[in-house]
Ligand code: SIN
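First, one chain by itself: the form predicted on its own, in C-alpha cells.
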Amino acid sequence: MKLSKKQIQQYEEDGFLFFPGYFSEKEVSILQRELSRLPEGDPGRMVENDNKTVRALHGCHTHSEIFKRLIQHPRLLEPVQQILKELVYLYQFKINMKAAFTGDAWPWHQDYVFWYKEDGMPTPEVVNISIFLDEVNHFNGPLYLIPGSHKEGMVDVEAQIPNSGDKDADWQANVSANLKYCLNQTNVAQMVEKGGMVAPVGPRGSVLFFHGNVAHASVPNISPYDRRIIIITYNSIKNIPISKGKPRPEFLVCQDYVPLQPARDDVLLQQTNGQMIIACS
C-alpha cells in the first residue's frame, strides 16, 4: 500500500494515521492463533502488578514465522518507508495484552525519551504501528493520543525510577504500569489545550501508525473485553542508536540493522512448513 500525499501531510500534522479494518478477518485470525501458540517461558514476558496477568510480550517475532512475516508486510513497510523516506529495520516488536478486567494503565508518555536515554537513538524519526487483535472500543482501554504533540519535541522528563546499572534487570521499569519516564500533568494539559485528545477505536484488524514523540496513554481495562494489540516499531537505517554501554536485551531492542524488504501482500496466507495456513473461524 502506498500513502497519498494528503495522508502523508496528515501524518506530519497530527503525528498519526488510523485505518479501521486494515487487515482481513482471516489475517487477524492467523495472528490470534499464533499468539496462542507462544511459549509460556518467554524472557520478554511482562506481568501486571498482580504478578500473574500477562501485560506484554516482547521480541516474540524471534520464534514465530508468522510474526516475522508480519514485519515484512507491504501494508506496513511501504507506508513507513514513505514517511521516513529511508530504508528501515525492525527496532522493536511487542504485544500489549490489556486483559479483560485486569489490564492496567499506561501513563502519559512519549516513546522516544526511552529510546534516546536508554539506547542512544539520535532522532525521533521512527514509526510505531499498532495492529488491533481485538475490537478496541471505548470501554476496554483504547489508546489516547494528543494530536500534534510530536511537534513539541522530546519532553526531557526526569526518571521516576533510577537505574541499577543492570540493563537486563532495568528493562521492566520501561514497560510496567509505573513507567520510568512519564509526562507530568502540566505537560499533558498544555499539549491537550493545543491539540485536544482522540482515542482511535475500531474492529480487529485496524491499524494505527504514530510518531515516536506523540504523547499517548491508556486507562485500565475494567470491561469484560480483552484489548490485545501488536506494536511494531520501525527505525531508519540512518538513525541507528549510538551505544550507551551495554545494550538492552535483544528481545526488547533489535540489533539487526539489515534493511527490511516488503514481502507479498498475501504473506500471512502463504504456506508454512508445507501446509497452507488456515484461519480459525
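No experiment lies behind these values; they were computed from the predicted model shown. Quick note: we count residues from 1 along the sequence shown, nothing fancier.
There is another form of the same protein, the form predicted together with succinic acid; it is not shown, and what comes next is about it.
- Residue contact with succinic acid in the predicted complex: residue 183 places no heavy atom within 4.5 Å of it.
- None of the heavy atoms of residue 54 is located within 4.5 Å of succinic acid in the predicted complex.
- Within this chain, residue 96 lines the site of succinic acid in the predicted complex, having a heavy atom no more than 4.5 Å away.
- The closest non-hydrogen atom of residue 221 lies beyond 4.5 Å of succinic acid in the predicted complex.
- Within 4.5 Å of succinic acid in the predicted complex, a heavy atom is found for none of 73, 209 and 211.
- Checked against succinic acid in the predicted complex, the candidates 151, 204, 109, 117 yield a single residue with a heavy atom inside 4.5 Å, and that residue is 109.
- A heavy atom within 4.5 Å of succinic acid in the predicted complex is found for one listed residue only; from 240, 254, 231, 60, this is 231.
- Listed stretches are 191-199, 118-126, 83-91, 98-106; the contact stretch with succinic acid in the predicted complex is 98-106, by a heavy atom cutoff of 4.5 Å.
- Contact residues in stretch 210-227 (any heavy atom within 4.5 Å of succinic acid, taken in the predicted complex) are 216, 218, 227.
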